[in-house]
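Okay, so here's just one chain, in structure tokens, the form predicted alone.
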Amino acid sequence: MKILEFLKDKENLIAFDNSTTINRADVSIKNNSLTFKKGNEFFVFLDNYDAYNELEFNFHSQQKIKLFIIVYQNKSIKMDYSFNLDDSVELEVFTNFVSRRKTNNISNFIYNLKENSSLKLLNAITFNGNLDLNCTVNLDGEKSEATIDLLNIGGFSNKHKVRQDVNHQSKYTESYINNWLISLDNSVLDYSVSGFIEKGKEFSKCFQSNKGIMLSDSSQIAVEPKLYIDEYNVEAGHGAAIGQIDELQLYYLLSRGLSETEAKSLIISGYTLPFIDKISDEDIRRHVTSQSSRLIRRKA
């Protein structure tokens, strides 16, 4: 197992490949199921792991946990991940997909939240290859809430297809989705973002924001934001702003003495920094900054 260098000294590290499990954390692991007993910060590293093709994460009531998940691979993988939050759980999840070579990844994430539980989800996507990512959040209990922040940088001829669905299945539930998308070279980013509020699930809130920038004439970003609402007494809204670098912004920065490369990098940082600043672990933050800069520097 080749654990990334900056993860090796993490105290609460859980690492898997198809033959070995490393567990330095206070977590019960049985086959494909992890139950978190105590502690507040864990790092999960998956090295070409698809032994069961699924992993289940379980959190007891009143827990407050930060979870950093890094998927590292050099072969095609299909995995299902499920997260079950009991009442009054506060969970922060960071996910990052890293590929050693161009390959394929199909990942399905399902989050089930009971009453008064909250989810903060950070997805960093700099994947080299074809990624099919499906994220479903079920707000099953009253006053449960989810905030999803995603940064996707696509380069070369990579194709990333992402589906985000939030199901408001109780009253007083809230969801917020913020996507920052950057497409370079011949990459294609294809997004479907949906919020569902059933009849009778009043006093709920559902908002979506999608911002994208294309850095070449052959790059593509497609976003389809959707709201399916069958209740009047709710708050909801969605939007998408996709385009190339604003020539007026670029001209203004050039007129202030910046080179074209510096000006473009500054504009692009407006898409990356709001996400990166949300990452609480310094090592993970440097890891994502390095990945992002390496891709963007090629184009800017």
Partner chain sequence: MTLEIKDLFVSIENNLILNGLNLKVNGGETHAIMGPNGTGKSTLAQVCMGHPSYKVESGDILLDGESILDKSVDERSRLGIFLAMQNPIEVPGVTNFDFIKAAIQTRMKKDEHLRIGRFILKFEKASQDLKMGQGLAHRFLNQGFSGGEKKRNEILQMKMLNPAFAFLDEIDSGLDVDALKLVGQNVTELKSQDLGLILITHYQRLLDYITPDYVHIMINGKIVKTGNLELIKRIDQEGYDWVKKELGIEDEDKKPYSLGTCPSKH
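Positions refer to the first chain, counted from 1. Please read all numbers here as calculations on a predicted model, not as lab measurements.
If you look for the form predicted in complex with its partner chain, you will not find it shown, but the lines that follow are about it.
Asker: Between its partner chain and 251, 266 and 273, in the model of the complex, does every residue show a non-hydrogen atom at 4.5 Å or closer?
Answerer: Every residue of the candidate spot has a heavy atom within 4.5 Å of its partner chain in the model of the complex.
Asker: Just give me the single entry in 233, 31, 259, 28 that has a non-hydrogen atom within 4.5 angstroms of its partner chain in the model of the complex.
Answerer: Selected option: 259.
Asker: Does at least one non-hydrogen atom of residue 62 fall within 4.5 angstroms of its partner chain in the model of the complex?
Answerer: It does not: once its partner chain is placed as it appears in the model of the complex, residue 62 has no heavy atom within 4.5 Å of it.
Asker: Even though the partner isn't displayed, in the model of the complex is residue 53 close enough to its partner chain, meaning a heavy atom within 4.5 Å?
Answerer: Although its partner chain is absent here, residue 53 would stay clear of it in the model of the complex, with no heavy atoms inside 4.5 Å.
Asker: Heavy atoms, 4.5 Å, its partner chain in the model of the complex: which of 243-251, 32-40, 45-53, 63-71 makes the cut? Say which one.
Answerer: Comparing against its partner chain in the model of the complex, the contact stretch is 243-251.
Asker: Using a 4.5 Å cut-off on heavy atoms, which residues of 49-82 contact its partner chain in the model of the complex?
Answerer: Nothing in the stretch sits within 4.5 Å of the partner.
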